[in-house]
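So this first bit is one chain, no partners, the form predicted on its own, shown in structure tokens.
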């Protein structure tokens, strides 16, 4: 933070921003800004103009209004765990860090909702209400450090989204600062389905391009009576993939249905929470069912039968909460664990119909051979949300470009299978051009028209989410400029 002696700068904008948030709540020296050059997508980096740390909504609004009035580009940032470059300051933005707005404002057990500030850490909410028998369902792998404000921006998912849905299914209300500095309330008294347009739906997952969320009303759930977790090992990825479809086709909706292939298993077994997975296994499924106690055992028996019909090598049920927690800790180290077996890795995030899992995984294997790069697969198999992790070494000339090309090819395979290019990590800058895999120029233009309504001066998080405009959009902007 800044020295107590005061601001040593001649930059009038820095001085004004410091006057808004306080001289101890702004960074602007190069050595202080380096850690804000990128988020979890580290292939690209850009230096911000400054980082400010507001502590309340009014300060956020005042900073935004000043930036808007003075044509200063700006963006919001949470914990910086995003994996698609959504918080990278491409245009030398003023970063509005929300990490000091981290309070749990209220808990209403009767109506099953809580109100948090955007810097409140995801897992902390569950930990804060678990003794009362409640929890918050969205559980990204980074839930121990990612913020709920960031989850809203990316519409984050997690292992249990198969049964419980992603962030948008748990948002009841938002307080938002618009790109011109106005404060707006959406979802009055936690009732999201008000008459009119679904503004909650538009803002959730808008990747920080439409406004800055400063307060969030979320749905909280009662803890299920019982949970049981199954771990199944397969000698063939195709058998494991087919077992996923068979389980759901049998009428079972697990709370979570996760899959890892051999390379991913190698990584997690080299990391902080090894559980002794066989080194020669080709794939594993981690399956969890929850709900009322009656009927849970029947579901588990059906899952065991499906796995056996698909040539499972071995399958077991967690004997207690300790064993279950160990299995999940192992799974949730998945992305970071790749650092134990590769100097660099690129996380991708595509979605496919469940029934196409075998063929898409086969195509990803072909992409691996074509690129000469290993690709690990860790994913939410139950809802077809794939996470190919392309392993590479940026010190070797050309390998970074190869990794990016392989990642794009994986997303093309998902789109070709009738899926999409992201399920929970967002588009950011990483997948802007790949938006053309699933949208036409006119469809992209319709979405950027919405952005212009909220963000007319295009100062908030510019250059994210959408590709460079197609010809029709270019002509439209040329005509508007001519007017």
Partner chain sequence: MSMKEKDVVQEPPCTSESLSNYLWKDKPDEDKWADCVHCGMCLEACPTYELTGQEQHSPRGRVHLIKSVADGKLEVNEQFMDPVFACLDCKACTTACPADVDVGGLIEEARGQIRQAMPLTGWRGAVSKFFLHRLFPHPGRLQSAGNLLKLYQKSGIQTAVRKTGLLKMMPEHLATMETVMLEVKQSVRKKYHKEEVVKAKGETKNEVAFLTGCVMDVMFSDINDSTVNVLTRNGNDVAIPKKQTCCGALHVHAGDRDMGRKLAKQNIEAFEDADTVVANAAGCGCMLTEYPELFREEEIEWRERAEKFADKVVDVSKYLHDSGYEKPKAEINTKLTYHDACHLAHGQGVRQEPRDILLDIPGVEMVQMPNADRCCGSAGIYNITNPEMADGVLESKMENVPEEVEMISMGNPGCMLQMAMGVEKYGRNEKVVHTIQLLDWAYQKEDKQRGQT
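Numbering follows the first chain given and starts at 1. Computed from a predicted structure; not experimentally measured.
Absent from the display: the form predicted in complex with the partner chain. The rest refers to it.
At a distance of at most 4.5 angstroms from the partner chain in the model of the complex, all three residues 35, 102 and 333 contribute at least one non-hydrogen atom. In short, of 276-284, 338-346, 109-117, 299-307 it is 338-346 that has heavy atoms within 4.5 Å of the partner chain in the model of the complex. Interface residue remark: residue 30 is counted as part of the site for the partner chain in the model of the complex, having a heavy atom within 4.5 Å. Residue 142 belongs to the set of residues with a heavy atom inside 4.5 Å of the partner chain in the model of the complex. Interface residue remark: residue 400 is not counted as part of the site for the partner chain in the model of the complex, having no heavy atom within 4.5 Å.
With a 4.5 Å cutoff on heavy atoms, residue 271 counts as touching the partner chain in the model of the complex. Interface residue among 53, 454, 437, 66, judged by heavy atoms within 4.5 Å of the partner chain in the model of the complex: 53.
This chain is drawn without the partner chain; in the model of the complex, the residue among 121, 263, 351, 72 with a heavy atom within 4.5 Å of it is 121. Counting a residue when any of its non-hydrogen atoms is within 4.5 Å of the partner chain in the model of the complex, the hits in 68-93 run 77, 79, 80, 81.
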